[in-house]
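This document opens with one chain alone, in structure tokens, the form predicted alone.
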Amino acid sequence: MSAVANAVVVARGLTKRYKNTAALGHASFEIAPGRIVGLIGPNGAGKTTALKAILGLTDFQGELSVLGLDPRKERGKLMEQVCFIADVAVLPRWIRVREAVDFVAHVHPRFDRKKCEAFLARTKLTPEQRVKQMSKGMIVQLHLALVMAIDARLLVLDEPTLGLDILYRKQFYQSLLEDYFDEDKTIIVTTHQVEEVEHILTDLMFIRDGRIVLDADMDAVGERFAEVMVGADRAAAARALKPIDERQVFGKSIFLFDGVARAQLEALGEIRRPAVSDLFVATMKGTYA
């Protein structure tokens, strides 16, 4: 892996053990500025542990630099430039809109109250409204208003849309792209719902059993992996090319290939780019057993 100039995150041999299990086992990766990276893996794969290490919330072995700082020793400095959201529906139920705004204004040095109020003005939220009086969609809007107003260089989202229906999940990611993201910012998002973030990601990282098993930008993923729907007469020829996955749909077989030449695949049937969710299932086979 070539060193990325001015990388936002550089991890080398990142390791974290809990008693007898390794939550992270010598994970190495780099994240460049201006990227939206999906860190995707099953429960217990090490996603949250990796984020906690990046945020300076847990100790670890190995090397880790975030925005040029060591999260273990320089966490105070780091948190001035980082914004973290876990599960957007966690605001205290008693808090009022104006109290939430005041709170963030006091704790985050890069919070822009005017920006936050402008965002809130586009919603139906009122300053005196309490969280317990809001729909889930309104809570998402409040959370977004607070986050969008923080001029953070790194935004870390850990399963941000848990418990929200699909409409609000889509709105959340759409707002993130339109109102927040630019080339000076970097976003790391972990999720189970791969299909939701697929269209916003620039980079994909799959984590399994504490190790990074795929780390590529989306263009490289499209070039490296291919899916082919094959009739029964050509299935044996397809299997000879060692697909990483095979599934049946309407009497035909869909094969997923990693790094096989296009010319060889064109002889089998129609080639298409695999969905990230199908790629994920194929890569994680056996993890859920």
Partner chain sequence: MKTPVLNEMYWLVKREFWEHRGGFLWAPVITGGIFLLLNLMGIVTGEVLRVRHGITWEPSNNLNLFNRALAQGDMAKIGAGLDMMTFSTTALISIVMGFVVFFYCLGALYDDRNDRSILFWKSLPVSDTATVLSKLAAATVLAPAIAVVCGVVTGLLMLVMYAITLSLHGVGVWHLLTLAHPFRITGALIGTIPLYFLWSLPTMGWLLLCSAWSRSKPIRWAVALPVVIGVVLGWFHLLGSANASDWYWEHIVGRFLLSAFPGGWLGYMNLDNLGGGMAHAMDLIYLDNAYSALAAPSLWIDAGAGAVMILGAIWLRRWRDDT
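Numbering follows the first chain given and starts at 1. Keep in mind that this is a model prediction, so the values were computed, not measured. Only the largest set of C-alpha atoms that superpose within 1.5 Å between the two forms is called the rigid core.
Below, we turn to the form predicted in complex with the partner chain, even though it does not appear here.
Student: Ser253 near the partner chain in the predicted complex, any heavy atom under 4.5 Å?
Tutor: No.
Student: With a cut-off of 4.5 Å between heavy atoms, is Asp59 one of the residues that contacts the partner chain in the predicted complex?
Tutor: Contact check for Asp59: yes, within 4.5 Å of the partner chain in the predicted complex.
Student: Is Asp217 close to the partner chain in the predicted complex, meaning a heavy atom pair under 4.5 Å apart or at it?
Tutor: Asp217: no, not in contact with the partner chain in the predicted complex.
Student: Given that the partner is absent here, does Asp112 sit within 4.5 Å of the partner chain in the predicted complex, heavy atoms only?
Tutor: Looking in the predicted complex, residue contacts with the partner chain do not include Asp112, since no heavy atom lies within 4.5 Å.
Student: For the interface check, one of 205-213, 168-176, 191-199, 142-150 should have non-hydrogen atoms within 4.5 Å of the partner chain in the predicted complex; which one?
Tutor: Careful reading of the contacts points to 142-150.
Student: Which of these residues, Pro127, Gly163, Pro92, Gly137, gets a heavy atom within 4.5 Å of the partner chain in the predicted complex?
Tutor: Checked against the cut-off, the match is Pro92.
Student: Even though the chain is shown alone, can you say which residues of 17-38 have a heavy atom within 4.5 Å of the partner chain in the predicted complex?
Tutor: Contacts from 17-38: just Tyr18.
Student: 2 Å or more on the CA of Val140 between the shown form and the other one, with the rigid core superposed, yes or no?
Tutor: The answer is yes; the displacement is at least 2 Å.
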